[in-house]
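Below you will find one chain, with nothing else, as structure tokens; this is the form predicted alone, and questions on how it binds or moves follow later.
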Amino acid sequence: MRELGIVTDGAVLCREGRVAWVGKTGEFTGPLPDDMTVLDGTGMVVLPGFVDSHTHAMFAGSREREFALRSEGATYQDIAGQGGGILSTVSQVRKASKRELKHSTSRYLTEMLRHGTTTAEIKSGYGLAMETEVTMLEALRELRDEELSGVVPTFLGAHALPPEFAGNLPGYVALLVERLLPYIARKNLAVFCDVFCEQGYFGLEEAETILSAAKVLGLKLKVHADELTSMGGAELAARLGAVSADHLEKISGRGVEALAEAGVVAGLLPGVSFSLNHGYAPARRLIDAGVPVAIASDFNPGSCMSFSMPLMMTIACTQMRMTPEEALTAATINGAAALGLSATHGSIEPGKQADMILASVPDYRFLAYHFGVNHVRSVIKNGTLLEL
């Protein structure tokens, strides 16, 4: 994760949306078409576009009141117990139209592009009902086709227990497994299925039931694991062959070993720990154990109202003992790996998708070092210079 493959005084040639050549400027000998756009990056750093592998960027309303309550000492669980948390956003999303959901998410995707994120995973999970979850996923599919940014949709129907199923967890799991998942798979509405595996939400047994059903239907797996308690979510992700296990603030030593043995990507979310003021995932222990580590924003209205990947890199370096090189790897190629896209995204190599950013910094380490500023000056998506 510390080997970046830096090219000083470099040049990149893009053709038909792909990287065709990369190397030192003086080593390029081939002719350029007269109509080719030439972008001067003198004095800048050219980087792969960031891949944000864990977001909840489709939502309605906001929860700044909860932010204020946390500043006075309320915990995530306290707020959920008072009717806040996930279910408060569910209430807002159920009132919103597909058009409204698309409009707000489109604005966020544009701002994410301006901050260098060229590919983002986005979860459902604020509908928690057949109709609303399908509406969210349909909206995400339309955005994937319409937006400049790359969108990877994830089904997170197992985000929380909806009010109408209070006290009936088995009934809701049955709805997900017997009705929602088969419909989503048949309509090709999601790439991944995710479950919030946590005490008070979905236990190991329920999570395994849902994820196993999704796997049979051809969906790839992700798991919200070991965020608030160490209950074996990482081990479950490893056993089921999940692409990533995310959060991991309370992961056990056995969980670390299981992820390493299975090659599951650890998706760490430094902005959540920063925002909620609770412990950080053990990035150093995971990296030293050989686990591929990605960092993502977890952009959502409750626990991290930020989509700035450079800010996530800063927090990873200052609070999680990651080096700037590791943080950059985690935000690009390993983020792509957390979405099963590392063969095509996340690095500037011939044959890969030409998703790049030009940052007005003298050194890549400035991205994490000089925080609170957007250093991105140009964004290239699929080989096209975007006007944002």
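As the structure is a computational prediction, the values presented were derived from the model and not from experiment. Just count from 1 along the sequence shown to find any residue number.
A second form of this protein, the form predicted in complex with a further copy of the same chain, is not displayed here; the remarks below concern that form.
Chemist: Although the partner isn't part of this model, could you tell me whether Phe192 comes within 4.5 Å of a further copy of the same chain in the model of the complex, counting any heavy atom of the residue?
Modeler: Output for Phe192 is no: heavy atoms all beyond 4.5 Å of a further copy of the same chain.
Chemist: Indicate whether a further copy of the same chain has at least one heavy atom within 4.5 Å of a heavy atom of Ser347 in the model of the complex.
Modeler: No, Ser347 is distant from the partner.
Chemist: Although the partner isn't part of this model, could you tell me whether Tyr369 comes within 4.5 Å of a further copy of the same chain in the model of the complex, counting any heavy atom of the residue?
Modeler: The answer is yes: Tyr369 has a heavy atom within 4.5 Å of a further copy of the same chain.
Chemist: Using heavy atoms and a 4.5 Å limit, would one call Glu72 a contact residue for a further copy of the same chain in the model of the complex?
Modeler: Looking in the model of the complex, residue contacts with a further copy of the same chain include Glu72, since a heavy atom lies within 4.5 Å.
Chemist: So, a 4.5 angstroms cut-off on heavy atom distances: do all three of Leu211, Leu217 and Lys352 pass it with respect to a further copy of the same chain in the model of the complex?
Modeler: No residue of the spot touches a further copy of the same chain in the model of the complex.
Chemist: Only one of Ile251, Leu311, Val291, Ile184 has a non-hydrogen atom within 4.5 angstroms of a further copy of the same chain in the model of the complex; which is it?
Modeler: Of the candidates Ile251, Leu311, Val291, Ile184, Leu311 is the one lying within 4.5 Å of a further copy of the same chain in the model of the complex.
Chemist: Taking 4.5 Å between heavy atoms as the contact cutoff, choose which of Val90, Ala96, Ala207, Cys304 touches a further copy of the same chain in the model of the complex.
Modeler: Residue within 4.5 Å of the partner: Cys304.
Chemist: Just to confirm the contact call: exactly one of 338-346, 34-42, 61-69, 47-55 touches a further copy of the same chain in the model of the complex at a 4.5 Å heavy atom cutoff, so which is it?
Modeler: Only one stretch passes the 4.5 Å heavy-atom test: 61-69.
Chemist: In sequence order, which positions of 103-139 have a non-hydrogen atom within 4.5 Å of a further copy of the same chain in the model of the complex?
Modeler: In sequence order, Tyr108, Glu111, His115 come within 4.5 Å of the partner.
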